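Heads up, the chain below is alone and in the form predicted on its own; it's given as structure tokens.
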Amino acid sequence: MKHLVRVFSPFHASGGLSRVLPVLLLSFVPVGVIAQVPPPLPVMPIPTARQLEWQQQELIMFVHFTVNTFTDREWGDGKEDPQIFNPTELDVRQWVDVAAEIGFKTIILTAKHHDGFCLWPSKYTDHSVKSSPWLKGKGDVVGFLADACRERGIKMGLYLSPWDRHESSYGDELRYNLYYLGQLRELLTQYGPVSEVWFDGAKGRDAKDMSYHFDKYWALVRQLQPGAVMFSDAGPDVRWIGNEKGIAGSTCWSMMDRSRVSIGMADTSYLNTGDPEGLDWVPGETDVSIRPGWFWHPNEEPKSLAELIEIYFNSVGRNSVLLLNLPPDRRGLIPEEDVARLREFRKTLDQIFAEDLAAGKVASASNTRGSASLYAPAMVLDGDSQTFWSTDDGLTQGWLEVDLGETRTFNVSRIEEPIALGQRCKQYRVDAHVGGKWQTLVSGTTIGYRRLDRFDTVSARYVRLVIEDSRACPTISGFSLYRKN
């Protein structure tokens, strides 16, 4: 038997490493192949291990819940009486059960919104659950959620608003930033692992002129929760997609220049598309609420199934992660109509992606890296995201052809790049052989972690993915075809 070694793994995630290492580890192949066919070099920048793990989640659940739920407001003014916070049936396990059923991998909770009311008994203020009648002041929403998430294997993230309309030290830059760091330390040390820490630069027109010390906030997160990704307009790990409509850019690079972005005053079009020349890997997170508002309001209804499916294709399907907000009502429960809509959403997605018509079929290509089986077209159809087809160096174009074995009918494609090697594709199209000639079904720009395209229903046996332009030699880890009814 020939000796076998691992040839390429673009990262190593053990031990809390935060940097991606281009070490030679991925799939077992004969030793002799290594010297003959080296793997493609990464195209910088590349993601860290924590960023790769984050991207693979696809769906994250946001939970906006505070005194605003009881006042029918979106932004509280900080003058609310804690006595109004009294959810009669609060059950965080219901939230977690919904997340697990629908496929959310993380729940991010608004531990403190702009009103300053804390959902945990902070030692730094009495404006919190400890001053409310809920559980006679002994409750801790953050703690209860952390326990429930651990029980179900769901990760927990936290949002701590820098803008605090209740805290008297707000406006005194040094005092308030120390206050904020104290609360952040509480959240990062008392509740176990935190997978994402969510920051924004929100300030109302009445906010006192003061700077937030984001560099200090980020340093504390790195110190206390090194595995967590951090979100803001400028990252450092994950960026805002530039709108709250659930729409990532049709061109969506995971790269940007963080130095060009000011939190709270960012160029939203830049955030939406990213930057092919960007020096930093900061993928986009697409945030949107299932209802018109971020908090529960009695006169609002959840989005339609069609709207949710459109959001999915325009977020997860455009190299982003979908952060979908599900606001609990005054009982402390996600409303029944929202849960029902989510179940329709999950069922529809499962139906669309139930059968990959290209899986395991025969594939050929315009060029294969070193003519080696390690990078053969078949690697794109094997269902393994860590194997891939690649061309020789120096090529920035190429095509991959799939023989479906018989004429099949489809209207959805899924394309994936092995992003641990960097994001490469600048222009692509999908063609089908129809009526004796090749017909373009859809064309696009970026691919990244995942690209989902919908097009007019077509019946064909032969399909081509054509990479028209790429930052370096093309690498494709997945190509799938589906039929959406």
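Owing to the predicted nature of the structure, the values given are computational and were not obtained by experimental measurement. In this text, residue numbers run from 1 along the sequence as written.
The next section is about a form of this same protein that is not shown, the form predicted together with ligand FUL.
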| item | value |
| --- | --- |
| Residue 64: touches ligand FUL in the predicted complex, heavy atom cutoff 4.5 angstroms | yes |
| Interface membership of residue 101, ligand FUL in the predicted complex, 4.5 Å heavy atom rule | no |
| In the predicted complex, residue 312 touching ligand FUL (heavy atom, 4.5 Å) | no |
| Touches ligand FUL in the predicted complex: residue 198 (any heavy atom, 4.5 Å) | yes |
| Per-stretch contact check against ligand FUL in the predicted complex, the hit in 286 to 294, 350 to 358, 373 to 381, 268 to 276 (non-hydrogen atom, 4.5 angstroms) | 286 to 294 |
| Contact residue in the predicted complex, chosen from 239, 369, 127, 114 - any heavy atom within 4.5 Å of ligand FUL | 114 |
| Single option in 257, 244, 301, 392 placed near ligand FUL in the predicted complex, where near means a heavy atom within 4.5 Å | 244 |
| Within 4.5 Å of ligand FUL in the predicted complex: residues from 147 to 176 (heavy atom criterion) | 159 |
